[in-house]
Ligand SMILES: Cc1cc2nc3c(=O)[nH]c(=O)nc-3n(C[C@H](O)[C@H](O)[C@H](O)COP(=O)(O)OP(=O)(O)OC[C@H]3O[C@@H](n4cnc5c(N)ncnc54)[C@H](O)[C@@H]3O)c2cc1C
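Below you will find one chain, with nothing else, as structure tokens; this is the form predicted on its own, and questions on how it binds or moves follow later.
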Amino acid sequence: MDGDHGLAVASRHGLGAIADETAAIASLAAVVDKDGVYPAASMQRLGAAGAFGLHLAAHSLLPRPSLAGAVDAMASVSAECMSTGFCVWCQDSAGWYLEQSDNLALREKLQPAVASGAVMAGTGLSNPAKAMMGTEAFRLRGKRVAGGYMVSGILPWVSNLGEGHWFGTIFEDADDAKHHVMAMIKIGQPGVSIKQNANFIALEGTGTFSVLFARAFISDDQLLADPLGDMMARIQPGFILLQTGMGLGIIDAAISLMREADVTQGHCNHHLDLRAHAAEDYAAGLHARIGQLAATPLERSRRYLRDVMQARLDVSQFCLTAMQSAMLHWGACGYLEGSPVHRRLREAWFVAIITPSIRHLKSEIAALAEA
């Protein structure tokens, strides 16, 4: 799959505005990465062009809602700037949570603004996902009161946030540890604030903060699912498949970097283990698998979920392999701070550790295989 694949898909479906905005993002990537500037204007323009609604029934510009189309659009953005691509994934995930909620009033109120980029939104499922696996404790606990829940705790590292932004998360009932609730939270509502407490080696411009809940009242009309029930089963395949857009974009960028290096250093690169043409062939296979899986994101079989996780794992691992090869293609020129390879390598590491990380995926796949 060449670096223009996602743009070509967008163009074929008449989504030229998304393709145009994606191309414009490239010039901002260094500022977003190095200076940690949140790409607010780019995100708003992507939303206005329809990039955040491709997988949503009421908002897709495609003939029918397409998770694969959302993955393509995200890959195109990520190939230019992974920080912006990650923010796109956050936005897409929030729309996906609303799509699967039985709270139709909340969906009708919030999803149009999320899909259009009028409201920015994120996802805070890293801690809840690990808590439900038994590897962490829930960071948020809520106590039932009239009309909603009083929630307290600290949720670390939630992205695509700022004042007035929304995000989806899950909290534990303080009176019943088996009772979990999923809700959409607005930054700045009483009792909900954000704090920056870490500096990362990449993706500084992604609006990543810790979220502090100080007896925050989360009303019933903010609830996506109470009790959680099968909500995680409904959102999980789409949530994971959407993440592959980031990795596919980095793989596309790695292939382009290999080809760029070969213009002047092809004679040195001839015997490297992974060359651009082989990487392109493998990436095309990944893309085909993801497209097939994305056609049925609500499937519930264990085999399907295992295949989804395996595809996500393969993207993560090949992302690392492709970027390492790109570094070897560039040699010492790539080892300079600020080089395109330097940024992309750090971005590839992020694809490997974002929840579900490579180690998380391997654990889940092993458990599914044993069942």
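Predicted model only: the values in this text are computed from it and were never measured. Don't overthink the numbering: it's just position in the shown sequence, from 1.
What comes next is about the form predicted in complex with the named molecule, which is not displayed.
> From the list Gln196, Gln265, Gln292, Thr135, which entry has a heavy atom within 4.5 Å of the named molecule in the predicted bound form?
Replying inline: It is Thr135.
> Tell me, which of Ser101, Gln222, Thr123, Gln111 has a heavy atom within 4.5 angstroms of the named molecule in the predicted bound form?
Replying inline: Only one option qualifies, and that one is Thr123.
> Which one, 274-282, 250-258, 222-230, 123-131, holds residues whose non-hydrogen atoms are within 4.5 Å of the named molecule in the predicted bound form?
Replying inline: It is 123-131 that comes within 4.5 Å of the partner.
> Given that the partner is absent here, does Ser93 sit within 4.5 Å of the named molecule in the predicted bound form, heavy atoms only?
Replying inline: Residue-level check for Ser93: no, no contact with the named molecule.
>> Residue-level question: is Ala216 within 4.5 Å of the named molecule in the predicted bound form, judged on heavy atoms?
In response: Ala216: no contact with the named molecule in the predicted bound form.
>> I'd like to know whether Ile353 contacts the named molecule in the predicted bound form, with contact meaning heavy atoms within 4.5 angstroms.
In response: Result yes; Ile353 sits at the interface with the named molecule in the predicted bound form.
> Any of the heavy atoms of Phe86 lying within 4.5 Å of the named molecule in the predicted bound form?
Replying inline: Result yes; Phe86 sits at the interface with the named molecule in the predicted bound form.
> So which bits of 155-191 sit within 4.5 Å of the named molecule in the predicted bound form, heavy atoms only?
Replying inline: Residues within 4.5 Å: Trp157, Val158, Ser159.
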